[in-house]
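In the structure tokens that follow, a single protein chain appears in two forms: structure 1, then structure 2.
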Structure 1
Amino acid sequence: MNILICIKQVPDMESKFKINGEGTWYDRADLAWRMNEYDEYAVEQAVRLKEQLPNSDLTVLCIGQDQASESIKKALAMGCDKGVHIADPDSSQREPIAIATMIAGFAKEELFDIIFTGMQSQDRGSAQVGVMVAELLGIPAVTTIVDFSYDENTGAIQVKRELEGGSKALVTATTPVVLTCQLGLNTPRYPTLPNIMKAKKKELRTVLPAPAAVDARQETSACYFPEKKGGGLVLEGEIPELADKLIQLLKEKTSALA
């Protein structure tokens, strides 16, 4: 089985963020970087499928600046076979359709059976790229999967999708298909030292992005931290006393009881 895993390198959410000079995104300087958490679940599921089907071939793809190759190396150390880095220094400025177009442009030549992606990225959080890739390739997509199984006899893929309110939907699909992975799908493994050393010998090729096939439809005009507001007031005491205090505050500070 030919499998593609799409990952993204994002800042560690514990980093101290600053707005860049243009005021349109975060400043990349002095940030720690990691593989997008949702994508770790996608990598783990692909590796588990390879353990079930040893003849499978796992390609991990990442779009971004030079340092994005570090996240690819982690995926290789987790068990992927080869990596592809689409070197795009402006990837953080691309809207989802542009990113999806790059991925689909690569994938359409390779005839992948399954494409795993994270449900969304931790920085943009659009949750659009996976389904757009499926649309551009003309294949089905199943999103927010929290359980996965593959039947070797029938070739059927059975997944559970997370829905609103804690409900789940059981979906059966066949290849080719795009699957976007939700947190909790599995427990991503930590790369062992021997596998980290093996990853250094695996293929990792860098390619340039194809010319944009779509015009930009949106741009970020401003990015800023939420304004700090006044602190809250905690009322203490018995319930009748609290009610009286609350009514008095509403009269003094709002027009609700005017």
Structure 2
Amino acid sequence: MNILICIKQVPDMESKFKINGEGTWYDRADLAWRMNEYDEYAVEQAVRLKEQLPNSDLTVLCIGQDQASESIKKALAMGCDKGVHIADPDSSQREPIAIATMIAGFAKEELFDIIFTGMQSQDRGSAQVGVMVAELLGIPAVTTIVDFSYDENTGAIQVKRELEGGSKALVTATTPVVLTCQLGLNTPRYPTLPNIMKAKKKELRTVLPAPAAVDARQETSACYFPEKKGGGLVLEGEIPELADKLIQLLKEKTSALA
């Protein structure tokens, strides 16, 4: 099976964010970068499918600045076969349809049976790109999957979609299909040292982005920190005093210690 995995590199969400000079997004300086968490589940599921179907070919695609290749290398070390880096210094400013158009442009040149990606990114969080890729390619998409199986005999793909309140929808599909992965779909592996070494020899191709194929449909007016809603008491200090203060507050304000 020919499989594409679309990943994004995002800042570690524990980072201290600063707003950029234009006031439109976070400042990229001084951030730690990692593979989008949702995409780790996508990579893992693809690697598991290759374990089931050893003849599969796994291509991992990432759009971004030079350092995005680090996330591709991680995916290769997890078990993907080859990487494609669309070197685009402006990717973080692009809206979902622009990113989806770039991915679809790449994907339509090869016939991928399954495209795995995260259900959203941790930074922009639009949850749009995966579905848009499918629509642009004219193939089905199933979003927010938390379970996946492939039947080699019938070619049927069985997934479970996560719904609100913890219930799940059982969905069947066939290839070609785009599947967007939710947290908890599997347990993404940590690359082992031998696999990290092996990954260095795998193909990692860098290509330039195609000229913009879509006109802008939206623009960021401003990016900013939310206003602190007052009311909440902030306790800082030494641990024992903090514990005493908190117990006192619980006694005064709640019936929990009554």
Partner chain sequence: MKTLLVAEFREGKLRAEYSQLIAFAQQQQTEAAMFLVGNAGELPKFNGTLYLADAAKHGEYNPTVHRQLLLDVVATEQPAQIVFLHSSYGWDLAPRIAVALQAAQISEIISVDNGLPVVPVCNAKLRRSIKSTTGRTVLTIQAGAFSLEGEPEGAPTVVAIDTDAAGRVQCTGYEAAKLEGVDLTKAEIIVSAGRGVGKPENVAMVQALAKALGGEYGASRPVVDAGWVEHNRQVGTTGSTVTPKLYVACGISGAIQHLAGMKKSDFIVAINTDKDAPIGEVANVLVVADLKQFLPVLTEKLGAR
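Definition used throughout: the rigid core is the maximal C-alpha set that superposes within 1.5 Å between two forms. Residue positions are counted from 1 along structure 1's sequence. Note that the structure is a prediction, hence the values are computed from the model and not measured.
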**Request:** Choose the one of the two that is the form predicted on its own.
**Result:** 1
**Request:** Determine, after fitting the two forms on their core, whether Lys18 shows a C-alpha shift of 2 Å or more between structures 1 and 2.
**Result:** no
**Prompt:** What is the C-alpha shift for Glu238 between structures 1 and 2, rigid core superposed, to one decimal in Å?
**Reply:** 29.5
